[in-house]
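Quick heads-up: it's one chain on its own, the form predicted on its own, in structure tokens.
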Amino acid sequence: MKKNMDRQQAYEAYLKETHRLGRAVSLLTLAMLLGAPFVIGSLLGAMPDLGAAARGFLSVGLVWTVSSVVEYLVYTPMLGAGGSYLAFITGNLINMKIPCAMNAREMVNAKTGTAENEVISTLSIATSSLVTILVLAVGVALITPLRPVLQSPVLQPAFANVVPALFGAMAYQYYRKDPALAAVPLAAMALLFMFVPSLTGSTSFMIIPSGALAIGLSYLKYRRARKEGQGQ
């Protein structure tokens, strides 16, 4: 009993310190990202037209604001406190951080909202960030000798399908758990993108209807199973 209490207190202290450090680093990162264009512009004497920049932001800002809120609500419970701060600060969540965290969680069978998931998500995302930095550093160093290979027409189709291949492999591990449930949102979104191709540029925004459809179907399935259990 005492051991469990000590563990809970240590976990709460860890979360408190993680939030304190994460908020400070997030604010620092935000200040650096927003301040960099102004510093560069002032040094080069090429400050942008702020009015035009604001109008350009508003044209896409509303869509990305909704997407950002949705990603926060969806990803934060999956990643935990430490993993969320690391992922949102370093970026590239969908292509890199989320697959790494999900795969690591599946390997150790950690449950969302537990201390184990907190540790596993943080370690996996930190490792992903370090590996990304290392690969980018090596890529920058070798960009000139590798340019003929990377620009080869033979490899262009492969580069164009990296993201679909990544998402397909990641999605399969969830589709196989309930193929019938996964088939309906998948078919609905596929048909929607076929008939309205312009929506392919708003995939982050389309998480809302597809997620709502999946949640609704899951709830109906749960209600039906519960009624059948009560009937027996």
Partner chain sequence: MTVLDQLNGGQIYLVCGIIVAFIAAVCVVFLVRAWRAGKALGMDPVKMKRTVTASATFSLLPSVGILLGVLALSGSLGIPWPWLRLSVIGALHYETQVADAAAEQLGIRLGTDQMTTQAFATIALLMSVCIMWGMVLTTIFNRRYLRRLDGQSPASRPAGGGFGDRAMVAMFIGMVSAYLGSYLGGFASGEGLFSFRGDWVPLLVAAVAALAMAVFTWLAEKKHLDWLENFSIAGSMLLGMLAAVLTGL
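Being a predicted model, the structure only gives us computed values, none of them experimental. Rigid core: the largest C-alpha set superposing within 1.5 Å between the two forms. Residue numbers count along the first chain shown, from 1.
What follows is about the form predicted together with its partner chain, which we do not show.
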query = Applying a 4.5 Å heavy atom distance criterion, does Lys227 contact its partner chain in the model of the complex?
reply = no
query = Within 165-182, which residues have a heavy atom closer than or equal to 4.5 Å from its partner chain in the model of the complex?
reply = Ala165, Leu166, Phe167, Gly168, Ala169, Met170, Ala171, Tyr172, Gln173, Tyr174, Tyr175, Arg176, Lys177, Asp178, Leu181, Ala182
message = Using a rigid core superposition, assess whether Lys16 undergoes a CA shift of 2 Å or more between the shown form and the other one.
response = no
